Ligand SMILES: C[S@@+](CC[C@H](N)C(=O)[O-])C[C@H]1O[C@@H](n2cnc3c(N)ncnc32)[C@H](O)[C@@H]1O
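Okay, here we've got a single chain as structure tokens, the form predicted on its own, with questions on binding and movement later.
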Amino acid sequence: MNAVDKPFSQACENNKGPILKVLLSAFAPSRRVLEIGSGTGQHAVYFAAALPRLVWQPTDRAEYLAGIQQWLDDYLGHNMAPLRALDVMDTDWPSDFDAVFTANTLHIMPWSSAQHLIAEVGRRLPEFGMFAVYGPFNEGGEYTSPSNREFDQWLKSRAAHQGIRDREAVVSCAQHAGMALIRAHALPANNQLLVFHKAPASQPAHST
């Protein structure tokens, strides 16, 4: 298929540059990245090309794999792991990764699934492994912008289980899973990139 047949997200096109600026430093100690919810596949090929020393493992639910594969088929690098199906509620996760990236997933899945995702990442990451979560977040139970309020209302009208999550709730889940927040990066379009690391067992997982 040609480029016009590929799934395409303008949001991915807009946010990939700002996200990469953070990942260049956040994933500096990493060697193998698990991407949860690769979506269209745009992020996978862009980040893999920009971070050639890393192995990038794209995953998503089975119904999205065909579209993602179209992007991967045109990728000329040698650091892309084969695409895998992953439902975060299943037990069959890829292994051997020391960093996890996920974008615009927590507000799509039920909150119970988001909590499970975070818990599993914390359980499976090695000590000092990195976890980067991109998307819109509320702060103190409040929307951070009128556009986020509108987006949240649109999500809830589409599916009752969807909605923008509170950043404090995400951080609390991560801490309970043994991960500490390193920094919350403010990115364009009222989004944030939360960067965590897996705290050593001898240290409490509190924010730095």
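Residue numbers run from 1 along the displayed sequence. Nothing here was measured: the structure is a model prediction, and the numbers come from that model.
Below, we refer to the form predicted together with this ligand, which is not included among the displayed structures.
S.K.: Where, among 34-42, 179-187, 136-144, 49-57, do residues come within 4.5 Å of this ligand in the predicted complex by heavy atom distance?
M.R.: Among the candidates, contact is made by 34-42.
S.K.: Within 4.5 Å of this ligand in the predicted complex: all of E120, F131 and Q175, by heavy atom?
M.R.: None of them does, since no heavy atom lies within 4.5 Å of the partner.
S.K.: Could you spot which one of M109, L72, A81, L125 gets a heavy atom to within 4.5 Å of this ligand in the predicted complex?
M.R.: After the contact test, the surviving option is M109.
S.K.: When the contact criterion is heavy atoms within 4.5 Å, does V195 count as touching this ligand in the predicted complex?
M.R.: V195 lies outside the contact set for this ligand.
S.K.: Please run the contact check for R149 against this ligand in the predicted complex: heavy atoms, 4.5 angstroms, yes or no?
M.R.: Although this ligand is absent here, R149 would stay clear of it in the predicted complex, with no heavy atoms inside 4.5 Å.
S.K.: Test of understanding: in the predicted complex, would Y64 fall inside 4.5 Å of this ligand by heavy atoms?
M.R.: Flag for Y64 set to yes.
S.K.: Just checking whether A99 would be counted as a contact of this ligand in the predicted complex - the rule being heavy atoms within 4.5 angstroms.
M.R.: Flag for A99 set to no.
S.K.: Scan 91-117 and note down the residues that get a heavy atom within 4.5 Å of this ligand in the predicted complex; none is a fine answer too.
M.R.: A103, N104, T105, I108, M109, in sequence order.
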